[in-house]
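One chain comes next, on its own, written out as C-alpha cells in the form predicted on its own.
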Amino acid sequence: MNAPHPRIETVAYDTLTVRLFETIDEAHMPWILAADAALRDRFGEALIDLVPSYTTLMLHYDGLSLGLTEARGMIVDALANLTPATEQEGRHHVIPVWYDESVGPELVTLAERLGVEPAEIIRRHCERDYCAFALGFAPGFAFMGLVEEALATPRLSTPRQRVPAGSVGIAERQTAIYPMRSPGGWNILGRTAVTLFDRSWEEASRFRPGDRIRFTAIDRDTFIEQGGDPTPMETQ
C-alpha cells in the first residue's frame, strides 16, 4: 500500500485531527500506529492526548506552549518520512465466549436470516482475528473488525436499556465486547467472563488500537468456572 498523504484538520485551538485515509481497512493500521509513535515522539511533553482511530488521529496539545501554526508544522515534520509499523507490534488476545441464545438473543436470529444453524454463526465469528481499530463509547470498549460480509448486521432499531458486561455483539461489519453494563444496540451473540477495563492496570484497558483479537467458543460450565454470570439477558 502506498504511503498516505496526511491532511490536518482543525478541531479546536489546541486540537487537530490528522486524517491519513478515507476508508476503513485493516491494512491501514500499521500506518496509523506508526503515525501515533512519530507524533508522540515529536510533541513530547507538549502532548496532552493522542487518540488513534480507523482513519485518523486526534491530537490534543498544550495550547499555552504551542501555537496552531507551530503545531501543524510539527505534524508535517513528524510524518514526513513515515513508514508502516510492523504487524508484530500489536498484541494478540484470545477471548473465550459462551455463545448461547439465553445470553446472545441475536444468535438464532442471525442464523435464521442466513439459513444456517447457530453453530455455523459461532464458527464464522471465531474463524478470524479481528483488529482493534479504536477505543470509545465506554472505557475499554474496542471497535473491532472486520466481520465477514455475510455476518454484517445493522444495529437494533431500538437500543436496549441494559446490555450486560461481557456481551459480545456485531454491528454492521464490526464486533465488540461490552466492558460494563450499559445501553446498547448491537446484536448480541454471547458473553465472556474476561475483564476488559480495570483502573488498577497500568493501561486500564485490556485492548489498545492495533491489537488483534480472536474469539473461541466455550460451554456454559467453563464460562461459569471463569467467573461468568449466566443470568439470561433481558430482551427488552
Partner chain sequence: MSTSKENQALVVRDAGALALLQDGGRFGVRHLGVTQGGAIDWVSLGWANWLLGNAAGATGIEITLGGFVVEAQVPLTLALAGGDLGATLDGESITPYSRFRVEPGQTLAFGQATSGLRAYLALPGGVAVAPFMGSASSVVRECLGGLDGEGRALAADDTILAAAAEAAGSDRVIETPPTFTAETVALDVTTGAQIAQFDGASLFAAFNEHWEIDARADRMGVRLTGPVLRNGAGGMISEGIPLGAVQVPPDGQPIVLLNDRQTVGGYPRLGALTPLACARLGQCAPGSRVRLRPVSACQTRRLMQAQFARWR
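Only a predicted model underlies this, so the values are computations on that prediction, with no experimental measurement involved. Numbering follows the first chain given and starts at 1.
Just so it is clear, the following notes concern the form predicted in complex with its partner chain, a form of the same protein that is not shown.
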Since exactly one of Leu151, Ala111, Ala138, Ala165 fits, which has a heavy atom within 4.5 Å of its partner chain in the model of the complex?
Ala138
Selected contact from Ala46, Leu68, Leu33, Val194, since only one has a non-hydrogen atom within 4.5 angstroms of its partner chain in the model of the complex
Leu68
Even though its partner chain is not shown here, does it sit in the model of the complex so that Ile24, His60 and Gly63 each have a heavy atom within 4.5 Å?
yes
Against its partner chain in the model of the complex, would Ala204 count as a contact residue? Criterion: heavy atoms within 4.5 Å.
yes
Thr10 versus its partner chain, in the model of the complex: is there a non-hydrogen atom within 4.5 Å?
yes
Answer with yes or no whether Arg173 is in contact with its partner chain in the model of the complex, where contact means some heavy atom within 4.5 Å.
no
Indicate whether Ala37 is a 4.5 Å heavy atom neighbour of its partner chain in the model of the complex.
no
Listed range touching its partner chain, judged in the model of the complex by heavy atoms within 4.5 Å, from 138-146, 119-127, 102-110, 73-81
138-146
